[in-house]
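Before any questions on how it binds or moves, here is one chain, the form predicted alone, in structure tokens.
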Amino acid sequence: MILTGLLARALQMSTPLMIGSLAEVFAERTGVMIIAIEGIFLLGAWGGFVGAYLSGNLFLGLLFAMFVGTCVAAIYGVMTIKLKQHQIVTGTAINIFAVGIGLYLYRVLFGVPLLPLTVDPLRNIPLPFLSRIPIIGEAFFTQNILTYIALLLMPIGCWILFRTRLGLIIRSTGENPEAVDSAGLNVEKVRLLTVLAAGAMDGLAGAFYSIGFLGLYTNDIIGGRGWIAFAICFLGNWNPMGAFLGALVFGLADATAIVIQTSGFKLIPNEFLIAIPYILTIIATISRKHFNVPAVLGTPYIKERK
């Protein structure tokens, strides 16, 4: 059925957006915008493919993607949190650097192959009983492991952020870092560790495109979807469940564009279909009137010396 296929594709395309936007929610709740998210997505896709291709194991590819994402996030975190560099400038520089280093390292490892190198992407895993539910079962419960992980991460992230002491520390760091400091906690350490965890998640999100969906790596594989995950964090009002709903909406837009493209429908230009998720991002951002922005978002913490 067309509806079943559309819903399945929508959930599939929303998977990296869920993971990436959740990572951004946690980081920004501490006051740090991960502007380098697009670059981390890209190098995560590179790491996932390289790890899977060289080892012959997709699981190792996912682990390597998380490692690469953590390393890039560490560079960004040290520069913006420890060295107090401007987050937007630093993140933009890393995004530009990621494009060049990804292509360079790919060619160092594999040269310039005549045909694209490929791996078998992650297979769909039908869940017992649930996958047999008409329409919904085939769409929502016949997905690959990354989609199931993303669906589990959203409520877990919500619970951690709003129901645990760790979540209270994270939220307080982005609202009143002086109070966190007065409580004997290291504000910079909280921010850096959160950014590292977010980097691992962003690397995993990037790996979805290379080994969870396409089974290959190209330098334009992400195509701005890291920025969409970044925007979803804002549109979801820095709430994991808001990010979840936003990711589903953008995943549906992406899936709709893909379904129309593959159906051979010619009345709508192909370029417009590709642009649908990005147009939706702009419209949603402009139409949103109220944002619950963390009080010190984007502001480095400088401890007062007594």
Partner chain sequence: MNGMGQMDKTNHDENTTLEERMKNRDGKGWLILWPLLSVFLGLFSSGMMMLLLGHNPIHVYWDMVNFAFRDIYNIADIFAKATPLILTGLAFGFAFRSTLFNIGAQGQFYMGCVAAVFCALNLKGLPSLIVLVVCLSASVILGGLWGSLVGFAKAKFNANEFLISMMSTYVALAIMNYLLRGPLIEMKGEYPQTDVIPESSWIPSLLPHTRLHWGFIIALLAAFFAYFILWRTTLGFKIRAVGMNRNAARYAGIDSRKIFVIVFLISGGFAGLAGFMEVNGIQHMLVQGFNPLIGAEGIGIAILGNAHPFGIVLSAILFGALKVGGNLVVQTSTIPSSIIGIMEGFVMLFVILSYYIQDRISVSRSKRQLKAKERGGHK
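Since the structure is predicted, the reported quantities are computational estimates derived from the model, not experimental observations. Positions refer to the first chain, counted from 1.
The following text describes the form predicted together with the partner chain, which does not appear among the structures shown.
Checked against the partner chain in the predicted complex, the residues Ala197, Cys71, Ile160, Met79 give one hit for a heavy atom within 4.5 Å, which is Met79. With the partner omitted here, the residue from Leu117, Ile145, Leu130, Leu105 that has a non-hydrogen atom within 4.5 angstroms of the partner chain in the predicted complex is Leu105. Contact check for Asn124: no non-hydrogen atom falls within 4.5 Å of the partner chain in the predicted complex.
Proximity of Gly100 to the partner chain in the predicted complex falls within the 4.5 Å heavy atom cutoff. The partner chain is not shown here, and in the predicted complex it never comes within 4.5 Å of any heavy atom of Ile135.
By the criterion of a heavy atom within 4.5 Å, Val89 is counted among the residues contacting the partner chain in the predicted complex. Comment: 79-87 is the region of 151-159, 79-87, 209-217, 137-145 lying near the partner chain in the predicted complex, near meaning a non-hydrogen atom within 4.5 Å. Taking a 4.5 Å heavy atom cutoff to the partner chain in the predicted complex, the contacting residues in 201-227 are Gly223, Gly224, Trp227.
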